[in-house]
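Single chain ahead, written as structure tokens, the form predicted on its own.
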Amino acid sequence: MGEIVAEDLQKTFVTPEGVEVVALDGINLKVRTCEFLCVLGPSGCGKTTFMNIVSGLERPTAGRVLVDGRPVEGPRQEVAVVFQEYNLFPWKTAAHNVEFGLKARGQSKAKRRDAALRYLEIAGLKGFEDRYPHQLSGGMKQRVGIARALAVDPEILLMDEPFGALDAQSRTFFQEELLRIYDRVKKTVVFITHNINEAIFLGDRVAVMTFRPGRIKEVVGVDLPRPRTLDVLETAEFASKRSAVWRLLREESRKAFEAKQEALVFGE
């Protein structure tokens, strides 16, 4: 299981000045079980708002999200989230950070430890179980976060630009690492990004969003074979798909840029 369906999803915020801002307007989207869907769009298009609604952290103004046919009304155990920030407990080791969700669910100490060691190994962190966050690199911390999310055995993994804080070389490396993990555990993944190469390299499909208000402009299938390695970035097929997605995103990126420039001019 792990199917997600968004139906006529809308979200409106009210600023402190009383101005209504429509973040999402009529999102209709279906994510298939065990699919890796990337949601791509410029800054300010509502990507994170969409993820927060799917996770149950926010409520929509209108419309609804269904997970396996049941409406999302709040956080649920079958959905785990990985944020851009590491959100690790600095006083806990990597293993104890991974065990945290399992402890909250009442699992025994032995089972928690076994699960933590297993998922840290899947995340490529065998041998670092007893290191504290300050002893880990940024990429390692993010992998601890991924291991923590996987350890609770969710059906759905939501990822909000988890590699956004990494440098370009590290980011590319960890994209490949994430696909290696995905090939092993096969969860439904919704991955939020504003990076075209990242979306195409990772995803089975790419949902391109419009600038505010956020709508689904088009969903593009990515027919590159799996398992994927970084070599696919050099292929003509990848370049062709990138060009097609950029044509969809270009106008939305221009609108986002112009809105940012206008905000700077008027001091917003």
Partner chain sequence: MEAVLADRKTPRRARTRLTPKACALELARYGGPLLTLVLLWQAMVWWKQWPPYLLPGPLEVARTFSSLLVEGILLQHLVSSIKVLLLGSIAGMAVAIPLGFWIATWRPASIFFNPIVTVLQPIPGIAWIPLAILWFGLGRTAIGFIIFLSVFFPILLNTITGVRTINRELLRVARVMLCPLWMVVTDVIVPGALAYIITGLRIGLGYGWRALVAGEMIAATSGLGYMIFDARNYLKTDEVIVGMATIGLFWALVERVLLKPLEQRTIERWGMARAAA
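Everything numeric in this text was worked out from a predicted model, so none of it was measured. Numbering follows the first chain given and starts at 1.
Heads up, the form predicted together with the partner chain isn't pictured, but that's what we're talking about next.
Query raised in the report: At the 4.5 Å heavy atom threshold, is Ala110 in contact with the partner chain in the predicted bound form?
Result: Residue-level check for Ala110: no, no contact with the partner chain.
Query raised in the report: How about Ala115: is it within 4.5 Å of the partner chain in the predicted bound form, going by heavy atoms?
Result: Flag for Ala115 set to no.
**Report entry** Contact test in the predicted bound form: Gln169 vs the partner chain, heavy atoms, 4.5 Å
**Finding:** Although the partner chain is absent here, Gln169 would stay clear of it in the predicted bound form, with no heavy atoms inside 4.5 Å.
Requested in this report: Would you check, heavy atoms only and a 4.5 Å threshold, whether Pro90 touches the partner chain in the predicted bound form?
Outcome: Looking in the predicted bound form, residue contacts with the partner chain include Pro90, since a heavy atom lies within 4.5 Å.
Query raised in the report: Out of 74-82, 161-169, 181-189, 194-202, where are the residues with a heavy atom within 4.5 Å of the partner chain in the predicted bound form?
Result: Stretch with heavy atoms near the partner: 74-82.
Query raised in the report: Honest question, do Phe211, Leu249 and Lys255 all end up within 4.5 Å of the partner chain in the predicted bound form by heavy atom distance?
Result: Judged in the predicted bound form, none of Phe211, Leu249 and Lys255 sits within 4.5 Å of the partner chain.
Query raised in the report: Can you name the residues of 89-107 that have a non-hydrogen atom within 4.5 angstroms of the partner chain in the predicted bound form?
Result: Heavy-atom contacts to the partner chain in the predicted bound form: Phe89, Pro90, Trp91, Lys92, Phe100, Gly101, Lys103, Ala104, Arg105.
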